[in-house]
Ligand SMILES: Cc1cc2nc3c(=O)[nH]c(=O)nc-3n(C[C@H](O)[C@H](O)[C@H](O)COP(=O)(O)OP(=O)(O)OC[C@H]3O[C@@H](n4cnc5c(N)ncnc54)[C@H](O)[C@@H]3O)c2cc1C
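As a starting point, one isolated chain is supplied in structure tokens, in the form predicted on its own.
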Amino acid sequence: MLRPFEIHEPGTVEEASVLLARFGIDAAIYAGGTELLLIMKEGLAHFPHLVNIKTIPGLDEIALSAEGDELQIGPLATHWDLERSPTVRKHAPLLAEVESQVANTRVRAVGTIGGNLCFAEPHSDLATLLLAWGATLELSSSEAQRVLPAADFTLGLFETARQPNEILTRIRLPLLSENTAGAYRKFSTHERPMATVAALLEVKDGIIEDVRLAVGSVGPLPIRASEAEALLRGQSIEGATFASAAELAASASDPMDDLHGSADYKRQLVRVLTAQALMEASGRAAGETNEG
């Protein structure tokens, strides 16, 4: 049962930041509310003050940057918005593909990308994808603005680098080059994934020039499988040792035993999903599909 709380409706990011600073630990940002209201109903947390940022214009925008080199996403864009956006489908089809797999229809219709990232729940599709993508996140307060790589944003279980008076105001995704292809694989038994893998391969003249591989949902935060990436760089796409790379990714994943499964089971999931994601990305790079 929800305990009483007051909703504040600022008109600007600056006003919202001032409210967050004023109420401190008694305040939380309210956007889609899919995670926040759940933990409040369960009695796991209580915030007497909710700062509703849905009243701030422009935080749901999805557009290309003025330079045309990155996709800029407002934190209030819902999963449904991103899945169906013509701009996303044209310039970042892999993002639209992943958004279509998030949770269920109700969550996709209400839940926001900003809320998903800021809640830092470990079983996140988007945290894994954006880590591999090399996304950056713009944080704003009444005092300053800063930009963080996605790799530096999530610090641990339900913990991010966002300061109490800061608001996530924009997610920036660099557009992938024409010779870069990606794939995303996950395993779920319920709505939350048990293991997630995102792979991006940059291929030129049949050689893997760069690879970005992220593993998530098996530990407190997603990680880059750097040893697996190093193994694949410079290899021929036809002769690439994806099985060996998958083994390295599984070893690096450091999964936890929990209700979703044992560490050994999750490590095997990572092994299988990594091989699948790399194979799919390599097929897309070779032109076998027009996605990625």
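We number the residues from 1 along the sequence you see. Worth saying up front: this structure is predicted, and the values here are computed from it rather than measured.
What comes next is about the form predicted in complex with this ligand, which is not displayed.
Hey, in the predicted complex, is R185 touching this ligand, heavy atoms inside 4.5 Å?
Contact check for R185: no, nothing within 4.5 Å of this ligand in the predicted complex.
For N104, is any heavy atom within 4.5 Å of this ligand in the predicted complex, or not?
N104 belongs to the contact set for this ligand.
Should D125 be classed as touching this ligand in the predicted complex when contacts are defined as heavy atoms within 4.5 Å?
Yes, D125 lies within 4.5 Å of this ligand in the predicted complex.
Given that this ligand is not shown alongside this chain, does E166 nevertheless sit within 4.5 Å of it in the predicted complex, heavy atom to heavy atom?
Yes, E166 is a contact residue.
Under a 4.5 angstroms heavy atom criterion, identify the one residue in D60, E227, E35, D254 near this ligand in the predicted complex.
Contact with this ligand in the predicted complex is made by E35 alone.
Answer with one of I56, I237, A245, I29: the residue that has a non-hydrogen atom within 4.5 Å of this ligand in the predicted complex.
None of the others qualify; the residue that does is I29.
With the partner removed from view, which of 202 to 210, 173 to 181, 71 to 79, 141 to 149 is the stretch that lies within 4.5 Å of this ligand in the predicted complex, judged by heavy atom distances?
The contacting stretch is 71 to 79.
Within 4.5 Å of this ligand in the predicted complex - does that hold for a heavy atom of every one of G219, R271 and T274?
So, no: the whole triplet misses this ligand.
Scan 111 to 130 and note down the residues that get a heavy atom within 4.5 Å of this ligand in the predicted complex; none is a fine answer too.
Sequence-ordered list: G111, T112, G114, G115, N116, C118, F119, H123, S124, D125, L126.
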